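Just one chain is shown here, as structure tokens, and it is the form predicted alone.
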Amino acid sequence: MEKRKATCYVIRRSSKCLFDHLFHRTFDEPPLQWNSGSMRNFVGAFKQLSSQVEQASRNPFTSSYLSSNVADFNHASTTKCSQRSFSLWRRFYGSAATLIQKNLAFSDINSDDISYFKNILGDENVVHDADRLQVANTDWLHQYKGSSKLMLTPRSTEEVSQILKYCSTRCLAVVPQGGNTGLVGGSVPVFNEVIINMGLMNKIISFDQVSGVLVCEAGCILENLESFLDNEGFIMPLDLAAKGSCQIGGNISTNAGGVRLVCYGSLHGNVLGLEAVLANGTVLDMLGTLRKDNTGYDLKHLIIGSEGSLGIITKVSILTPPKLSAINLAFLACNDYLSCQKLLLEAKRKLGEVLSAFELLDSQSMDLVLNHLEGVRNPLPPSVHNFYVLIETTGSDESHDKEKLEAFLFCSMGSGLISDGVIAQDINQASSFWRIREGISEALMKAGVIYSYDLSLPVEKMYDLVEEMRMRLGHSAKVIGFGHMGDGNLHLVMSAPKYDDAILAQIEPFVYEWTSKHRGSISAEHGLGLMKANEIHYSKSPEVVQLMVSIKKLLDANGILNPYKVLPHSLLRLSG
């Protein structure tokens, strides 16, 4: 008993709340001495103080192509857009490596169009500067590049409506664009579509302190919303590595997930209402702020996750949770993936309502970050472990939350689930831990070219795919596995010095077939975009896809909104 008390004392002393009022806290006891990394290895202390404690018994862990009779998207319009022909091909890497046919029925921009847009937007918001267009035409991964000659930056819903009404009449294809942080080619043109960038619509309209409902425009940057809410004592239910540039409208259009989903759920649950403009300029006012509204069809859910293919989001109302003061972050090491699974199960059981994040990265991910990002250090030197887990707890009762975390760590160490670990002592250490997890994508960009896949899988199967992919690729590419283990979201990334069709042939369609075989989804949070539009059948049945095509036809008869994205290209051809 005395040994257990001593062990709990060490863990308790190393479990300082990260976010108290001034990020400082006074202890009655003398301060602990930290190592060069300013963090204490509590597993080392555990082994030192409890070497004779019997290990607890380990808990058992209980763990076809669309058929040809799917109707083409035909006979949709009697306008001049109904004369359809396809030529002009474009090739992209990834799942869009097949040639993309340009729809020649879409009009090209002329001087009259530019004059019209300048009349409603002003000269400064009609952009045809080559440098700005180059940035807007290129996706974040530099894998997709369009050739748009025009970008519009509206300042109001009315301007968006006027733009789309005109574009529908002229049959000008458009691409809605937010922060352009997408990873599947969904936010950039395929050919010369008009870019509608929402960045100037960045006002916070209202915030209700009682209900926690925030109403804002779609162009608000996620991190700016986070800062605003922090001053009000609230947080966004969404947290992404790209929060410094991504916009809330784009987040909702792609139904972005992030690290807080395990605690606060998806945007389908947190978005209470939105305003959107359809392809013909019609404004849909669904900007409700009520938690309950059971009147008719809840149409906002069609827009959420539709990637700008059904309408352009202009305003949103979102439910934000209160900011809680007791936050702890642990960076843990595990010997194998089975231990990670058991650790997740135990975290859900023993941390319960305070568990706010459960993130996984493998040793290859850690190597990548350590080798390619400046200032990043291994929290558990000197060795690199097979797997790492970040566990965050968030609650309102500091002593209660610490007690739960300490009991969880004690049991997990005793049963051998954790081989090493540290707990952040302040905001700087917490940031350094999150820098490792959130810096993986940046490190991958510096390491070479990548083939990236965002998959949703049963937790027990997640890492099987990583291992199988390593066997398939051998030494031709590095295979990295990381992601949001708490909600079964795997980010599978292959890194190579240069693009190689032979590597791609080993990856696809294998990765989609494997995911489909195990009842997973080929897109967990990044969307389908251009990259996976033709692969939707791996996750959705022909009947479901056909219904989606019918909805697209109803809301965007001329197909001008974000063409070539989300749905199979062959089904989006319109004929007279």
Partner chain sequence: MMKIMVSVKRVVDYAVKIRVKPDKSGVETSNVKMSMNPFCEIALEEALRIKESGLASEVVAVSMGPAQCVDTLRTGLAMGADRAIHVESTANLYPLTVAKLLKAIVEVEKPGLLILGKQAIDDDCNQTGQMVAGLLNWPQGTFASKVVLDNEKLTATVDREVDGGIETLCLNLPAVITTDLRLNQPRYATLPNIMKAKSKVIKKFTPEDLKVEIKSDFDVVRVNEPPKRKAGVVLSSVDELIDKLRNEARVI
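Owing to the predicted nature of the structure, the values given are computational and were not obtained by experimental measurement. Positions refer to the first chain, counted from 1.
The same protein also has a form predicted together with its partner chain, omitted here; what follows describes it.
Taking the partner from elsewhere, D336 is found to have every heavy atom lying beyond 4.5 Å of its partner chain in the model of the complex. Its partner chain is not shown here, but in the model of the complex it comes within 4.5 Å of a heavy atom of P381.
Contact check for G182: every heavy atom lies farther than 4.5 Å from its partner chain in the model of the complex. Although the partner is absent from this view, E346 stays clear of its partner chain in the model of the complex, with no non-hydrogen atom inside 4.5 angstroms.
Here the chain stands alone, but in the model of the complex its contact with its partner chain, taken as any heavy atom within 4.5 Å, falls in 408-416 among 273-281, 294-302, 408-416, 461-469. The contact with its partner chain in the model of the complex, taken as any heavy atom within 4.5 Å, belongs to F433 out of F433, F234, F207, F358. Here is the short version: of D230, E442, D397, E353, the single residue with a heavy atom within 4.5 Å of its partner chain in the model of the complex is D230. Residues of 241-277 are not found to place any heavy atom within 4.5 Å of its partner chain in the model of the complex.
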